[in-house]
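Next up: just one chain, as structure tokens, the form predicted alone.
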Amino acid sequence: MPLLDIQNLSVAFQTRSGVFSAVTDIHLTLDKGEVLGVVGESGSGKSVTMLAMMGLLPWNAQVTADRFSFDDQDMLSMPEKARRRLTGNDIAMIFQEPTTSLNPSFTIGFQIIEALKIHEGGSRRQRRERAIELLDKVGIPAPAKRLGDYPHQLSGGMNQRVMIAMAIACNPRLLIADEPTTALDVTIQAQILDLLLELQQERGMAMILITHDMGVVAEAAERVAVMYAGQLVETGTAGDVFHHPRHPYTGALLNALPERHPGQGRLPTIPGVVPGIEDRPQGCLFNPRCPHVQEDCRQTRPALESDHSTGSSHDVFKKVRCYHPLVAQEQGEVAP
């Protein structure tokens, strides 16, 4: 029984222009202690999928799924109070922008202690000691003194550490990290990623790492899910996806990595942009940008189907949404 089981998840928003399907046909499973990387360009639906899981979408969102369970508990049918308790204790999320995620009007100590008061209880002294322990755990120096600081008094990296401290406060079984290193400089990014992986291994948490950085995924994830325009286009183990990409979009993302083209002046890019509400193409959503497009790609939308091309023992995880997946020679061109 997987810890997280999502089958055929769709999220639509009612807008002035009509109903916009932001996410469709998402199938994800996650075992206890596993790290899943979710990658794709901005606008691919990564964050919307996870916000749907947390129950944090706005009022005009419509969420449907054939199955949406955590530890065999149906998250769509459970009462709202039970859902909030579950997402506060067993599922936690680190958001993209630490500076805007923290309330600027309250000290970081107040915000951590408030979360502990709601979910763990205990005396005021116990909550304060626990908050100091958490700040120390995430590497913030002089944690007792920092309790009285406001978010604007801390750097972006320190604020992200505060967000991590709040997320792990209740010992969650699943941690969702939404672009946890995007707004940070390179050296701080490495520190935050190392901290997350250390906490994940130490506590045995499952973790979903949302990012557009394929290098981060290669370093941290055991399995990878590639999203484009609200759909999963490829899933598999990290090794299979990186060494045997089957979807042209995955291949193009890998081909754009700087380390694959040392010494070159310009890196390969993917022409065009992710389609929005007004310009969704017929057929495969990637077909206007795909160098391998054929006529059937423009007619009907492909399904996400199992792929057994690698001959790996992990083929059960390998799926691709493409009529004409990359073959070995093309893989070598786009992902040497």
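As the structure is a prediction and not an experimental result, all values here were calculated from the model. When you see a residue number, it is the position in the sequence shown, counting from 1.
One more form of this protein exists, namely the form predicted together with a small molecule; it is left out here, but the text below deals with it.
Undergrad: Just one stretch in 273-281, 29-37, 64-72, 287-295 has heavy atoms within 4.5 Å of the small molecule in the predicted complex, so which one is it?
TA: Every other range fails; the passing one is 273-281.
Undergrad: Just to confirm, with a 4.5 Å cut-off on non-hydrogen atoms, which of Thr300, Ser306, Asn60, Thr269 contacts the small molecule in the predicted complex?
TA: Comparing distances to the small molecule in the predicted complex, the residue within 4.5 Å is Asn60.
Undergrad: Given that the small molecule is left out here, which of Asp90, Glu179, Asp136, Asp149 has a heavy atom within 4.5 Å of it in the predicted complex?
TA: Checked against the cut-off, the match is Glu179.
Undergrad: At 4.5 Å by heavy atoms, is each residue in Thr15, Ser42 and Gly45 next to the small molecule in the predicted complex?
TA: Judged in the predicted complex, Thr15, Ser42 and Gly45 all sit within 4.5 Å of the small molecule.
Undergrad: Applying a 4.5 Å heavy atom distance criterion, does Leu9 contact the small molecule in the predicted complex?
TA: Looking in the predicted complex, residue contacts with the small molecule do not include Leu9, since no heavy atom lies within 4.5 Å.
Undergrad: If we define contact as a non-hydrogen atom of the residue within 4.5 angstroms of the partner, is Ala22 a contact of the small molecule in the predicted complex?
TA: Heavy-atom contact with the small molecule at 4.5 Å: present for Ala22.
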